[in-house]
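Below you'll find only one chain, the form predicted alone, shown as structure tokens.
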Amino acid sequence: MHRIIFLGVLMFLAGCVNRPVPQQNDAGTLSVDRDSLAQRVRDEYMRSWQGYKSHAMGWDEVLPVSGQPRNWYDESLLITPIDALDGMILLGFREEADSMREYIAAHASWDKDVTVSVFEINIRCLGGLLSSYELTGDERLLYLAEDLGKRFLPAFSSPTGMPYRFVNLSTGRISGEVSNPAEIGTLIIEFGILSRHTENPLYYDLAKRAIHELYQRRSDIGLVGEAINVETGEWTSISSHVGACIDSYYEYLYKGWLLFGDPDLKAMWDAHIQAVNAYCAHKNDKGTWYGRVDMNTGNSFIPQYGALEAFFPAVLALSGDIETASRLHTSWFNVWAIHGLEPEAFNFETWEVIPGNETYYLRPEIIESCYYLYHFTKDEQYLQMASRIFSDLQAYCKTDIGYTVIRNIITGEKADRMESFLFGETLKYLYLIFAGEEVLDFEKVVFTTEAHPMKRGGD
């Protein structure tokens, strides 16, 4: 344990040369230069985007160390351009955004014999197209979104109505009967917005039925597990928490209510958050956390929290629980500060990285929570946190082409991966927290789990 902390301190010191020095404001407290930081994020966004264009234009991703292009499947779905488009617009790269919009309209096609993850392509491509459509009014983007949405429909043909995980975009063949709450529940925002703009209620109705069927299978104490068979409706994992495989199910219940005013979604959120707070919440001398329990009993507590759970303060703040959100976010930021980056999973009792979880995947969730908490509190500590995170990203993850995953935050070993959410979420949230709400009115949008803003009320 002492070695981990010592090496984390060394990483912190090594990166200090790249960090901006906070300035004293008139009240004598630390402040940050928001304008300068916003511009630096814009510069890094465009530098990384040009790295993608130079090495992998037309492919799904660029590998930011080797410079090689990479597709997710046998054919490109233009995942990075579509996921990045609304970010280009929000960051003010209008000429580049117009160019990419034309490129997507001309080259994007879903008539491909590839079997895709409904969840991943929904949040990155369907969400990206719909958000960019709302920002531009370009009907070609809505056409592409509707075509993609139609190709997802066979996934809902299970006996329960909960979707299969995978669908072939050309043949409609489905697979993946063992799914999870996140992949089942993280459709209603994108499908609901698609219903709104196409005036076809089918998409919303299917997504809501899937959520309802999942909710009906919650335990007697109000929790869900992390894996369920969509054909039988039987749980195959009873581990319950707010992390991977469950996270965005909870997120979309509350955000779906905000977007569509559906009281059923609010009632589901209310029931779940009461149970989550009763059984998963935990305090110790190092902070506030949410751990893992048996969904049926609330027992067998495991003190694990990680990078994906770091979204939860944002949703808690959005729902009005600012106090818990702030404590939870600060607890996780302290882990970031020790290690210079966040691990994928951490034991908050032993205060050690869980073996096998030393990787930092460029995840945005901790920044997302900074953004939400700053919006609701205007407390400058969240700007300082975001500034520190941005500096650490530059110190440890920056390459000549863009930013890369860090395979091991203890040794600093780099991997060779830059997923589209660097543009869709990580750099976008950093820009939004520094640039201020003149760029985007927080109260007029709801962000998807991939940080694609959707307009409230359809305005």
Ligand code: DMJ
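This one's a predicted model, so the numbers in the text were calculated from it and none came from an experiment. All residue numbers are counted from 1 along the displayed sequence.
Beyond what is shown, the protein has a form predicted together with 1-deoxymannojirimycin; the following relates to that form.
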Among 119, 191, 279, 371, which has at least one heavy atom within 4.5 Å of 1-deoxymannojirimycin in the model of the complex? 119
Single option in 87, 364, 243, 225 placed near 1-deoxymannojirimycin in the model of the complex, where near means a heavy atom within 4.5 Å: 364
Within 4.5 angstroms, counting heavy atoms, which one of the listed stretches 421 to 429, 32 to 40, 62 to 70, 407 to 415 is next to 1-deoxymannojirimycin in the model of the complex? 421 to 429
Give a yes/no on whether residue 123 approaches 1-deoxymannojirimycin to within 4.5 Å in the model of the complex, heavy atoms considered. yes
Do residue 174 and 1-deoxymannojirimycin come within 4.5 Å of each other in the model of the complex, heavy atoms counted? no
If you check in the model of the complex, is residue 258 within 4.5 Å of 1-deoxymannojirimycin, heavy atoms only? no
Residue 318: heavy atom within 4.5 Å of 1-deoxymannojirimycin in the model of the complex? no
Stretch 427 to 450 - residues with a heavy atom within 4.5 Å of 1-deoxymannojirimycin in the model of the complex: 449, 450
